[in-house]
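To begin, one chain is listed below as structure tokens, in the form predicted on its own.
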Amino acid sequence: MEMIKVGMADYKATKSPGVLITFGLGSCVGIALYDKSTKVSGLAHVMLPSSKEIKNNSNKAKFADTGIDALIDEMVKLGARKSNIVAKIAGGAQMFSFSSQNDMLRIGERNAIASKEKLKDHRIRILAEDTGGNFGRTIELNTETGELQIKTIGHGIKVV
């Protein structure tokens, strides 16, 4: 099966068969989307919650608010039906501890919240979520089954 790598601040969509993989999710969030009927899948690796908070926002894939929109558009171009798309998300860790309660430093949690809100705006159901903690994750989306494998350092491997 073809292995398609999705980099940081990137997204990719494909038809089955294939595996979409992204490495090193820390505070970033991986959004795996899957249309069971057409087996069109997509994976985004977003770094920040909102394109509206940053001046240099030309890379849509970098932000939850614009990256999810772009990924859905890409999947629809490949034949996915938006009403059939479901989601699984992972990442959003707090990799470092801070004594401050400054919201700007809680980037992982903010990424996860922004991703969930954007998926809700699109009426896309979240079937599974593995967010938070203080450890990195690597995720692989099987485009044939829609299964998401989550590998974590020190916390093992699970499939959701």
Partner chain sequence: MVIDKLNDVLIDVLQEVGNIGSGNAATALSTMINKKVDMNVPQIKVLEFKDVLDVLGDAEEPVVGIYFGLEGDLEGNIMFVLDMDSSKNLVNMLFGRMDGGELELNEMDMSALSEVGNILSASYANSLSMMTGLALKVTVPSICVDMAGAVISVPAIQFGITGDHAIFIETQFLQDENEIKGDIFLIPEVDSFEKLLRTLGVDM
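Computed from a prediction, not measured in an experiment: that's the story for all the values here. Residue numbers count along the first chain shown, from 1.
Not pictured, yet referred to below: the form predicted together with the partner chain.
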query	finding
Triple contact flag M8, L48 and S58 to the partner chain in the predicted complex, non-hydrogen atom at 4.5 angstroms	yes
The partner chain contact in the predicted complex: M1, any heavy atom under 4.5 Å	no
Partner proximity in the predicted complex: N134 to the partner chain, non-hydrogen atom cutoff 4.5 Å	yes
S16, heavy atom within 4.5 angstroms of the partner chain in the predicted complex	no
Contact label in the predicted complex: L25 to the partner chain, heavy atom within 4.5 Å	yes
Residues within stretch 138 to 157 having a non-hydrogen atom within 4.5 Å of the partner chain in the predicted complex	T138, K151, T152, I153
